[in-house]
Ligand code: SAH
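The data below hold one chain only, encoded as structure tokens and taken in the form predicted alone.
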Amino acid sequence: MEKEKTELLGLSLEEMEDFVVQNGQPKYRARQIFKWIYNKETASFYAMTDLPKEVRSEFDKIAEISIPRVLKQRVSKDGTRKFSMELEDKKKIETVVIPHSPDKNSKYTLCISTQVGCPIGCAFCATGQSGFQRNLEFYEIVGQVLGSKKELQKRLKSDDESLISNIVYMGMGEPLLNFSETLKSIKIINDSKGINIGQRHITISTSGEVKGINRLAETGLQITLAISLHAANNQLRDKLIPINRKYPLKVLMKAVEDYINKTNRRVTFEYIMLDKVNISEQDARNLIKLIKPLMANINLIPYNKVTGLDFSKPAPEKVMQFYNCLLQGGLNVTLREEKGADIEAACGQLVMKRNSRSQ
């Protein structure tokens, strides 16, 4: 998709300096624009009041800042917010902001998307069932952070610059199948002059894209890697997560082991609990055998209902039984508190909207 104007969103300060100098402006103009984009989430040159009018007019002709527009928002009873965003080509994606506490001064975790739809097709996931359209450009990933922050500040009447303190690449899509754009977006999100979120506050979640895990291990990034596991035997995982047919558990676990050895970073395994599917005593034993040798946590997520799919959420006593079984088996286990399920903003519930505004 060719763009006639230069996209400034996602450029580093050095790249922005090159752009302004090439267009006959002093280097310090880049710092001004940078501040407007990343500190004030501004997409319009005309709003950049410390730039001369003629400069604003000239830049408006040759450049753009494509912060996606929030078309619709839904708010959960627990304070979680889901934003439906529109990209430049009218494609729709969803992002979710999750409060860390019920406190009105709470910080938020932002769950962002890397693709329009998802090609993996996990059996229990709404995104996978809605198909795949395209990868996001790195500036579209960065734009979700700025667009969400701006909307959140507006809704909460807050001017807190660090309102969003954590980023999880767990929205629509498989981040490691859009590897280079995902990494470029991390660079600007992490940039101390840009969005300034520390690497250790950033998590990438993958369904098991082994090639991407191996590449990620070589980057030296201090992010958290999360693996969507959901089954500890190949027969079941083949059915739930089709990528397992390409990278079966033995191959995946070798990649995870290599990643841990190279980065010395603890990995998180995510496990969606599906009633009568993957929470038997045998499933627990398989999971303990698979994960116990590794420096890893396991995060249990009771299933969130997706319309049209046949899976169901286990009863609370079954959830606790499975949790206790893993705990007694020596695993580091957390049980994720459900957030946003009432607005279809929870894990596995994000869905690609077709080009319609009546959402």
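The first residue of the sequence shown is number 1, and the count goes up from there. This is a predicted model, so every value here is computed, not measured.
Here the subject shifts to the form predicted together with the named molecule, a form of this protein not shown in this document.
At a distance threshold of 4.5 angstroms between non-hydrogen atoms, residue 207 is in contact with the named molecule in the predicted complex. By the criterion of a heavy atom within 4.5 Å, residue 283 is excluded from the residues contacting the named molecule in the predicted complex.
Heavy atoms of residue 81 never reach within 4.5 Å of the named molecule in the predicted complex, leaving it off the interface. In the predicted complex, no heavy atom of residue 108 sits within 4.5 Å of the named molecule. None of 159 to 167, 283 to 291, 270 to 278, 81 to 89 except one has non-hydrogen atoms within 4.5 angstroms of the named molecule in the predicted complex; the exception is 270 to 278. A heavy atom within 4.5 Å of the named molecule in the predicted complex is found for exactly one of 132, 139, 124, 259: 124. Proximity to the named molecule in the predicted complex, defined as a heavy atom within 4.5 Å, singles out one entry of 301, 30, 326, 43, which is 301. Heavy atoms closer than or equal to 4.5 Å to the named molecule in the predicted complex belong, across 160 to 182, to the residues 169, 170, 171, 173, 174, 175, ordered by sequence position.
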